[in-house]
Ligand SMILES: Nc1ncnc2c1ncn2[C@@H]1O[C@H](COP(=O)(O)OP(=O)(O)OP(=O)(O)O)[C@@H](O)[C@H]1O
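Before any questions on binding or motion, here is one chain by itself as structure tokens, the form predicted alone.
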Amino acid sequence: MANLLRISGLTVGYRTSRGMVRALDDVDLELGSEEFLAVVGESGCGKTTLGLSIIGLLPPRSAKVTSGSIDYKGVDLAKLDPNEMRRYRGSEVAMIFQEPLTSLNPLVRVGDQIAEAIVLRRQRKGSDQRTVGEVMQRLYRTDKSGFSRWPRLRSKIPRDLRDQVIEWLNLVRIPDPGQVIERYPFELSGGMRQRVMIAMALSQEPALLVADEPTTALDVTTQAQVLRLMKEIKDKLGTSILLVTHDLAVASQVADRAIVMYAGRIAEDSNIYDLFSSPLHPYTQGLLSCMPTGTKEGSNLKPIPGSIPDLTLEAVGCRFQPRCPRAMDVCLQKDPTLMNVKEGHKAACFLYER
């Protein structure tokens, strides 16, 4: 499988009043074309920071990529300036955020927002000479001072754009899209809003889709529908997907491969079957022991003791050592590197050092 994305030695820090928080520490990752990769781990392990680093949306005042590279089709995204990054964001790498209600404009109909995204994609590819402003003027009342804050009673999306908007909404299985495009985000359910966000991201025709916990705020039934939809889209459009989630059960349903992160580093990297059938890292084993089995006998959950380390402090030895039931003396002295234990299965643990 050809690599679409290769991350090497990526280190990202956040400036805080308590010092620099090293959210990512020397992360190496590869993502193949048309691959579905899940990044899992506890809250605060660096999953979202990884996704934001790829698409270039880290907060500029507090976050900094201190070292490493993000190679996407031969281009290092970490070294691009903001103007250069706009050429890749959306049209090459798109992102679905955790809470769509805070990502969609509450004063603009969903159809208009998707139409604007399509116009931006056309401009990048040189197939539409109209500016976004020229198209969006049809969607709002205007006066001599420019745009009014109040939209028209009905959307005025140009017919060519309207057909494309409906086509994308049909793709994400939104019923009666002709009516939905006239609605505002708050008039839709959580599942429909998330589908609108997926449609908006896919309308850019990206090669890589980063999904940051897209099912967290959804009920179980809607969650399953959205996950199935993402899997179908990956197979139909050939889009690579990087799914950020803290839920191993979610990863098991859709991912081809999973990466387990802990305290800003990768603990284990494996295909999804081996990760669940024969987990290698004690942290992964601990996460799986926290999952309910659905049976009464022997179904007691075994939580991982302790908590994640303070990332403002310099790490000495293995970061999981204080919580690890199989810790050894070497774990106090050295930081393990990610090593090949068997074909397609890596773990950062001294238990497998030869």
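Each residue number is its position in the shown sequence, starting from 1. Just so we're clear, the structure is a prediction, and the values are computed from it rather than from any experiment. By rigid core we mean the largest C-alpha set that fits within 1.5 Å across both forms.
Not on display, but discussed next: the form predicted in complex with the ligand.
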item: Heavy atom of residue 322 within 4.5 Å of the ligand in the predicted bound form; value: no
item: Non-hydrogen atom contact residue 23 with the ligand in the predicted bound form at 4.5 angstroms; value: yes
item: Contact of residue 285 with the ligand in the predicted bound form (heavy atom, 4.5 Å); value: no
item: Proximity of residue 99 to the ligand in the predicted bound form, heavy atoms at 4.5 Å; value: no
item: Contacting member of 289, 67, 62, 33, with respect to the ligand in the predicted bound form [4.5 Å, heavy atom]; value: 62
item: Sequence-ordered list of residues in 35 to 53 near the ligand in the predicted bound form, where near means a heavy atom within 4.5 Å; value: 42, 43, 44, 45, 46, 47, 48, 49
item: Large Cα shift (2 Å or above) at residue 271 between this form and the one not shown, core-fitted; value: no
item: Core-aligned C-alpha movement of residue 216 between this form and the one not shown, 2 Å or more; value: no
